[in-house]
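What follows is one chain in structure tokens, specifically the form predicted alone.
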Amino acid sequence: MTKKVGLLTTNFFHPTQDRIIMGGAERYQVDLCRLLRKLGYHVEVWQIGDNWTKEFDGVKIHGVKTSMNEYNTFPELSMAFYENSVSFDYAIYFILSLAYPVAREKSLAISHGVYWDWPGFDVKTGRHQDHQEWLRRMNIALTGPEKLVSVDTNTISYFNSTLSNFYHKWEYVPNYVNTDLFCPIDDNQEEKDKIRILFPRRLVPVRGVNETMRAAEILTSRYPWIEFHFCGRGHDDNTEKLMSQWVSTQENCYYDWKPFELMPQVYQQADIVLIPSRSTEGTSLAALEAMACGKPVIAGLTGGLCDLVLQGYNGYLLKPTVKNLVAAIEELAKDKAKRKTMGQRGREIALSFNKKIWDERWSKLITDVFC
């Protein structure tokens, strides 16, 4: 008899639309569901929505009519999942806090990186008593699942220093990249007349889009041979419309977004890749894909990016201010040899994050817990 796994997340589809942003977390969810199905499990997903059922990639996704968010937890959603998935054998909580207030006995919970370093987090939990309530709820959330999976070491270090009772539960399974699909191309061409800077990120402030836009204005006015290419979706059509309007007023700035299957070519055509996250970051899929394609990465000094980028070796780790971005991009844009060396080193590092390794680690975890 086929065993069934229920997965709980907050959003995959937009709660009231068919729109999928398909960022790193959404792609991770698709790949995890594919792996579970490959291992012989039946998988269904629950998320915030208006009591609908949709399908993506052969997996049913159920919308639960609730949006209550208390202390950055979702107790109503968690309880609805607990009740609706009662006939399922196992559960995966795609975000740690979703395992509050109760978790299924045979379950796993995942951290995709610290998100409470976002400046707006303290708006909701800024008072001491609010922060303590959040920690109390997180303590309960970490208690239920049999294993806690983190994509980066930053999350594990944080909880080992604040809620240390769960040291034995943590498993480090970093993010991944298909190094056959994302690979360098032959660069023995004539000297380029343009240096292409790529921002392959969601158009949201925590990903450093505002600082990057200002840096682009400065550098393209200073150097006519520098181009900026923004490639990512916004949370809504209006955000994308505003970006399209902005690039129409800028020399050598371009905006588009591509489906996943075209992204290897997008990275391969770039010279420098920007991952200037300010917060809320794990072991970025975009950073790994850029590295696998042999590109130097300029990354924000935050979260799991510190597990991927070694300062001055395969890229730069920096506080993503406009001034810092301009200086780092300017230096690499002028130094072809450094770009090439850093890109080669990045490729070597990316090989240790090959998706086959991720598949093996997750398969073992699933076998250990779902038995």
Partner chain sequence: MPKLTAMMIVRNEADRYLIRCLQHLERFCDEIIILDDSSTDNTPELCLSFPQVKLYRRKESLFLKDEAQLRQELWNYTVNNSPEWILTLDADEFLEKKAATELPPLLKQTYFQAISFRLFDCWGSEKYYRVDGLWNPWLRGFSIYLVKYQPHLQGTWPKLKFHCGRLPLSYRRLPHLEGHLRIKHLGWANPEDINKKYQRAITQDPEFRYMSKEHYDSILWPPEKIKLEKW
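The model shown is predicted, which means the values in this text are computed figures rather than measured ones. Residue numbers count along the first chain shown, from 1.
The protein also exists as the form predicted together with its partner chain; that form is not presented, and the subsequent description refers to it.
- Just one stretch in 31 to 39, 331 to 339, 298 to 306, 65 to 73 has heavy atoms within 4.5 Å of its partner chain in the predicted bound form, so which one is it? Stretch 31 to 39 is the one.
- Query: Is residue 262 close enough to touch its partner chain in the predicted bound form, meaning at least one heavy atom pair within 4.5 Å?
  - Reply: Residue-level check for residue 262: yes, a contact with its partner chain.
- Query: Is the gap between residue 214 and its partner chain in the predicted bound form 4.5 Å or less for some heavy atom pair?
  - Reply: Output for residue 214 is no: heavy atoms all beyond 4.5 Å of its partner chain.
- Any non-hydrogen atom of residue 60 within 4.5 angstroms of its partner chain in the predicted bound form: Looking in the predicted bound form, residue contacts with its partner chain do not include residue 60, since no heavy atom lies within 4.5 Å.
- Query: Counting only non-hydrogen atoms and a 4.5 angstroms cut-off, does residue 244 reach its partner chain in the predicted bound form?
  - Reply: Because a heavy atom of residue 244 falls inside 4.5 Å of its partner chain in the predicted bound form, the answer is yes.
- Among 146, 271, 240, 89, which has any heavy atom within 4.5 Å of its partner chain in the predicted bound form? Among 146, 271, 240, 89, a heavy atom within 4.5 Å of its partner chain in the predicted bound form occurs only for 240.
- Item | Residues within 4.5 Å of its partner chain in the predicted bound form, restricted to 1 to 38 and counted by heavy atom | Heavy-atom contacts to its partner chain in the predicted bound form: 13, 18, 19, 20, 21, 22, 27, 30, 31, 34.
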